[in-house]
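As a starting point, one isolated chain is supplied in structure tokens, in the form predicted alone.
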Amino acid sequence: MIKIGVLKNKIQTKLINYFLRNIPSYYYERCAKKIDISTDIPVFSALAKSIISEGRTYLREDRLYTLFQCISRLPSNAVAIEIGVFRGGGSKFMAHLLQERGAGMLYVCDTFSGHADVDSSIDGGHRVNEGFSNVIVEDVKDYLKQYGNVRFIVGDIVKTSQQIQDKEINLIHLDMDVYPPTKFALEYFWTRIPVGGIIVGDDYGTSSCKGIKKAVDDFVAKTRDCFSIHLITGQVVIVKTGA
């Protein structure tokens, strides 16, 4: 019979080993010495906490902080786009920051009825008109009505992109999960992004969204005037260099 103390030690050892294998070290190694973005950056922390508490986005502090840093570096008259809106939590976060910086415009783009197109050879379990389809666009519009700098573009971005008339797009947040619309958005909007402009791709490092990684990798490989950085948040940041 195994003594209780021995069994307890074995369970503790297994839990510790599991933790070390599966939890990235940045969550625990020297945490006491790290800046806590959820509390220590007032301009960001309060807004992020409020947005997350409303339950309308899957983005948490880490990924919101990426967007916060990017928006903080934009000019006051910047134009931004979010493609893949869901229930509008990320859009509200972006709209609020842009409005605080001046007359920044945010285009909020989504079918609001699920994926319009997928590539079954790349996108795995994603299906047309499935996932993120239980969203009422009028509800999202009501949620964002306090922001006069928001414009809605409803429908498949491949078909609606021409409704975005601004000559320059400073920041694009791509959160579509699948290959075809991500590939299109990268190629269509790139010529309208100025030097220093930024694209943030969500779920680049997510195994269930392989289409995002392929679309980004293929685009960066053939595009000379950019570089990309894969963040530990799972996001990818693409910066236009002009070189």
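Just so we're clear, the structure is a prediction, and the values are computed from it rather than from any experiment. In this text, residue numbers run from 1 along the sequence as written.
Not pictured, yet referred to below: the form predicted in complex with a small molecule.
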Exercise. Pick from 210 to 218, 50 to 58, 34 to 42, 192 to 200: which stretch has non-hydrogen atoms within 4.5 Å of the small molecule in the predicted complex?
Worked result: 50 to 58
For this session: Check whether residue 124 has any heavy atom within 4.5 Å of a heavy atom of the small molecule in the predicted complex, and answer yes or no.
Result: no
Exercise. Should residue 119 be classed as touching the small molecule in the predicted complex when contacts are defined as heavy atoms within 4.5 Å?
Worked result: no
Problem set entry | residue 84: touches the small molecule in the predicted complex, heavy atom cutoff 4.5 angstroms | yes
Exercise. Is residue 132 close enough to the small molecule in the predicted complex to count, meaning some heavy atom within 4.5 Å?
Worked result: yes
